[in-house]
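There is one chain below, alone, in structure tokens, taken in the form predicted on its own.
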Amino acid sequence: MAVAVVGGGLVGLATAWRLQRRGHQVQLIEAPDAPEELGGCPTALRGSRAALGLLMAQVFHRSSGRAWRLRQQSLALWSQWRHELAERGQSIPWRPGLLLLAADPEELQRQQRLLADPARRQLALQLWGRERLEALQPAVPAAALGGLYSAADGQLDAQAAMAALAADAAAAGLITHRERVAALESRARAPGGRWWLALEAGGGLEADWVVLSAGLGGNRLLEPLGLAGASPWRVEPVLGQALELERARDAEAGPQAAAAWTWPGAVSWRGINLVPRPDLANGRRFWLGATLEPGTSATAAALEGLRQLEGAAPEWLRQAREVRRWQGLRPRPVGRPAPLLEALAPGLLLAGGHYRNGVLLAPASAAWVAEQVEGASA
């Protein structure tokens, strides 16, 4: 089966990799960054390249429904995929552990209810009290009343994952085009319907199936098709700013003191994520992100709120030195929950609109696409 995957982010790469490794003829069309597809913001990155890579599955606030099932499926698949790729010499750095802090009594009660939920009794979740939090170095926000810890959740290096999937898929025969799709055209010359992808530089590609994982660029390609009766598929940009910071040394405790992290993994506070990166220079660096700013315009006030943890930043965080900053645009579905996994027309699949969970949900999205393609030809 000939499949064209439009979009070279992590979801598109994961989809192309899975299909190629399952014996399909896959072509991946990865467009150069286009200002209009990044909302006109010249300094923004596409979602996958800006992502911190947190996998927040077992501490998700629901214990049933599509979102829960996709998260659990993806978490299990990431584990399988990392081992499979490692066997072929492709490594994806993985940092296990996620501590979700409770900032108020309501959040603490919610965490307690989650731990008592029968659906989570087989999961390795723990409630941490104030005494345990106070023992962590560097200090977490003093206002934290407790925390829910998951050893199975954690942080995955999205850039390394994209590189590993691309290399492994190429070894299996994946063809990648560094071009931009100008338009989609249905030719309906075969039972499943065939598609023509006109390329902006001229010429085009034909495929039995087209998978759209083009983020904000999907709007431009789908609008001319009409798609009467299809579920709403539009996405809108939500900008996120993030920082890489470096902790100051503790002069009294010695030059190596600030390099030690006793955190059990990444920490989340009121939706803001702190990700230790002891693998980076000096062992004292960490990532902090990200803001939620509808549209494409970054504001200094939002970045400062992030930097100060909305007023809860410990002293060591306030004193940390900024190494770099970046921003990305997330595609959020309009009027629908993320992600958008839809069969829009014969041979046309949408796997996009992942909003804040593209890294986490990439495997489950790729598995869904494979099921659609292979189920139709069975």
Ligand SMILES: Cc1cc2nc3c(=O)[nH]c(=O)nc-3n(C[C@H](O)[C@H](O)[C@H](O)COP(=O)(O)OP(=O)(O)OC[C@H]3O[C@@H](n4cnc5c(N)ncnc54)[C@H](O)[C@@H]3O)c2cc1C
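Numbers for residues come from their place in the sequence shown, where the first is 1. Since the model is a prediction, treat every value here as computed from it, not as a measurement.
Beyond the structure shown, there is the form predicted together with the ligand, which is absent from this document and is the topic of what follows.
Note on the interface: of 213-221, 263-271, 276-284, 130-138, the segment with non-hydrogen atoms within 4.5 angstroms of the ligand in the model of the complex is 213-221.
Of the candidates Leu349, Ala57, Ile29, Ala320, Ile29 is the one whose heavy atoms come within 4.5 Å of the ligand in the model of the complex; the others do not.
Shown here without its partner, the chain carries Val11, Gly328 and His354, all of which come within 4.5 Å of the ligand in the model of the complex through at least one heavy atom. Proximity of Leu360 to the ligand in the model of the complex falls within the 4.5 Å heavy atom cutoff. When the ligand is considered in the model of the complex, Val181 lines it closely, a heavy atom lying within 4.5 Å. For the chain shown alone, Ala290 is a contact residue for the ligand in the model of the complex, at least one non-hydrogen atom being within 4.5 angstroms.
Ala312 falls outside the set of residues with a heavy atom inside 4.5 Å of the ligand in the model of the complex.
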